[in-house]
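So this first bit is one chain, no partners, the form predicted alone, shown in structure tokens.
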Amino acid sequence: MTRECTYAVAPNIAFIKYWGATDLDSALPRNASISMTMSECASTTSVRCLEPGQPDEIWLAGIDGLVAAEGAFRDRALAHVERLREYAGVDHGLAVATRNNFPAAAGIASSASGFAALTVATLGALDKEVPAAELSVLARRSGSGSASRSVMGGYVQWPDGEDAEGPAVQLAAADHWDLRDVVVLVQQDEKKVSSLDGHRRAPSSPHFERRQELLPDRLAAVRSAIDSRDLAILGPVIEEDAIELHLIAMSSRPPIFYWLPASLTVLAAVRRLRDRGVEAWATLDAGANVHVICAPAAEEAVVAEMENLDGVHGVLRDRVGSGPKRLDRSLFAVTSS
């Protein structure tokens, strides 16, 4: 048996958002979603097999070493470790160490990358070769629905309805279309309302059902845009869907205000870029940070426009990625980069 395994898994940025669930405990969505798996942002997770009878351990890896995880994250991670252990048919303990190279719980899908990384690293440590479709289902069972998309690279759709319990499906590989994602950081601390609470409140918005009616056409437009590599089709749809998610959040009961004033500053800057002929489009997940999607030729102009705006703490340059990467370096041995 492999005693230890480390994976780096990127978050994904949803072009059409998963917002609202038919069964939140099982992360079953009200609507299908489409995302782009990222590349440079990543959750890195090492899993080590312990001797039978030893309790599970969950550690956060930082520059000063390993610190025991606490609170809701620890509880969710332990529950998922138990779920994966039952799936693999083993009874010994597992030690987990994890870290992100980007802000967590700030609207950059850290739950998706984190629980996808926990899934693939655990099964790797247990010498379980699992196809991507099954990994997608197992990652979703963590309670992070978006994790079902992060176990695959490129452009990915997670179905709804009767197919929601099944896997996400890759629409196109990363090398099909080189899109860039300039992540504009206006918030680096944890957001006040979790995505899970946002999903719970979403159906209370008077705009929620109307969005459901509009989504089939949006999904079809995004699939067509990916197939034809047409940013002029993709951009307006993803920006519209992102704004509508936040409209629903703001009109939920009680309302949720994920945006900060700097979020609006960034959105205005994106519109100014388009006025100057730069093809760039904004999308936001459940948080204040803004993802600006553009072609490679536009990346420098986007970065130059964003990095000196009031309220912006920095930008992360990312791009479409190819999916989970197995690493030789263990977080148990090396806790700084």
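Sequential numbering from 1, following the sequence displayed. Nothing here was measured: the structure is a model prediction, and the numbers come from that model.
The following text describes the form predicted together with a small molecule, which does not appear among the structures shown.
*Asks:* Hey, in the model of the complex, is Arg201 touching the small molecule, heavy atoms inside 4.5 Å?
*Replies:* Judged by the heavy-atom cut-off of 4.5 Å, Arg201 is well away from the small molecule in the model of the complex.
*Asks:* Classify Leu245 as contacting or not contacting the small molecule in the model of the complex by the rule of any non-hydrogen atom within 4.5 angstroms, answering yes or no.
*Replies:* Result yes; Leu245 sits at the interface with the small molecule in the model of the complex.
*Asks:* Is there any non-hydrogen atom of Pro103 lying within 4.5 Å of the small molecule in the model of the complex?
*Replies:* No.
*Asks:* Can you check whether Pro167 is within 4.5 Å of the small molecule in the model of the complex, heavy atom basis?
*Replies:* No, no contact at 4.5 Å.
*Asks:* Considering Ser144, Thr122, Ser136, Ser205, which brings a non-hydrogen atom within 4.5 Å of the small molecule in the model of the complex?
*Replies:* Of Ser144, Thr122, Ser136, Ser205, the residue with a heavy atom within 4.5 Å of the small molecule in the model of the complex is Ser144.
*Asks:* Name the stretch, out of 302-310, 278-286, 58-66, 41-49, where some heavy atom lies within 4.5 Å of the small molecule in the model of the complex.
*Replies:* The contacting stretch is 278-286.
*Asks:* Check Ala14, Tyr18 and Ser195: does every one of them have a heavy atom within 4.5 Å of the small molecule in the model of the complex?
*Replies:* Affirmative, all three are within 4.5 Å.
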